[in-house]
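A lone chain, given as structure tokens: the form predicted on its own.
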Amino acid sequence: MNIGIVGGGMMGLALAYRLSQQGHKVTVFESNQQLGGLTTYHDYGAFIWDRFYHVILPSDAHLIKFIRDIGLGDKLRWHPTLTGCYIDKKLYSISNTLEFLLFPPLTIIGKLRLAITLLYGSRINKWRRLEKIPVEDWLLKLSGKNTYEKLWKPLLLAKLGDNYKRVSAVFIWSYIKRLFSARDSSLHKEQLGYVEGGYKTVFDRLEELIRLAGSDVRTGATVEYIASHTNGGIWVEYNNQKEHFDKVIFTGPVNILQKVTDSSLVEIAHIENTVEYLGVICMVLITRKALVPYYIVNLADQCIPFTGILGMSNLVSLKETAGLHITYLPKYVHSNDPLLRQSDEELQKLFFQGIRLIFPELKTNDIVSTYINRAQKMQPLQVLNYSNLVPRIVSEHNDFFVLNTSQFVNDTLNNNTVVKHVDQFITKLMPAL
């Protein structure tokens, strides 16, 4: 069967790989010159690595299996990592039980209630009731006022700004659920992983395997219109060309779906409700020495203009980064925030104000280069009753299908979730092929 896939991110490429391995002829259309979407890579001069920070958890069963399926199991690397917290203008390590118990900013009762919050949240499976509870109310009830004011509220402000007041408990629960699993109970320490060469290795292998199966991947191919054919199947118009397919799967966002798809192909219910998005600005700092010994530092300080510190070189071998250290400094904002439209120079100036506060000893000659990467729509803002706001997409044509991240109502946006949804989608699609 001849199948067209619109979108060359992780979702579109995983679909193309799975379908091409089943003997179907697949064509992927990606408007950008580079594959990968939000998981794509960047040339940092001395090395190539991911544009935004990504990590693989031991519990990411769908993603790990997929990496092995495409022959990259021997490229998986695992490493114990440390966790830090910047609070009250000090940097603390909270990488083990003893350090957590000695964590000065919280009282013994506060630490106990925080531990209960994390343990309880990690064991919740029935998430829908959490949609009706504001995240602030949920955390105050479980962790208490002291822990909330000292730790949770600054973290929510850093992650969401004032939007945290409108967000449901699902937001923090989904993070607790996934990140809690990073701790290997058999080793009693945090184990995280990556693929040697970063996600460029993954996308290069996927493109190679898709082509070897007789299928095609087209970059710089902007889809302009999708419509049904009178004799069956679907027309796809792109770059002033027109091509016919037996089936088409659309993986892009809803606003693009509305723009390029003929109204007879799909019905979008609840479109009067607007799904809000978080965008991200991510400063990448390349240095000659490590800024911190941790993979992640949670920032509980509103004076710092970024959300966290991700010391990627404390996870990834320095052989991957030409002996240099790569640190990600993300800031999450509403997708309409004017900050996303500021110049790279303005954003670098802003971010360096925070860097100087945390690392006053950092010298100019320690810094090799800086980069600003940004994405306007990184993930949906999970406001109260979010699942009721998500547009319901119903295909009106037997040969047209939609699979995109708007359907992730109780998951964080990560590649394990993407692969899981792809495999579930293909199982459901099989009778139509």
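A residue's number is simply how far along the shown sequence it sits, counting from 1. Here the structure is a predicted model, which is why all the values come from computation and not from measurement. Just so we're on the same page, rigid core means the largest C-alpha set that superposes within 1.5 Å between forms.
Keep in mind that the form predicted together with a small molecule is not shown, yet the notes after this line are about it.
Against the small molecule in the model of the complex, the set G7, S31 and H54 is in full contact: each member has a heavy atom within 4.5 Å. Only one of L347, L209, V280, L142 comes within 4.5 Å of the small molecule in the model of the complex through a heavy atom, and that residue is V280. Note on the interface: of 360 to 368, 380 to 388, 54 to 62, 41 to 49, the segment with non-hydrogen atoms within 4.5 angstroms of the small molecule in the model of the complex is 54 to 62. By the criterion of a heavy atom within 4.5 Å, G311 is excluded from the residues contacting the small molecule in the model of the complex. Contact check for M11: a heavy atom falls within 4.5 Å of the small molecule in the model of the complex. Using a 4.5 angstroms limit between non-hydrogen atoms, G252 touches the small molecule in the model of the complex. At the 4.5 Å threshold, heavy atoms of S20 stay clear of the small molecule in the model of the complex, well away from it. With the core held fixed between the shown form and the other one, Y225 has its Cα displaced by at least 2 Å. After superposing the rigid core, the Cα of V236 is displaced by 2 Å or more between the shown form and the other one.
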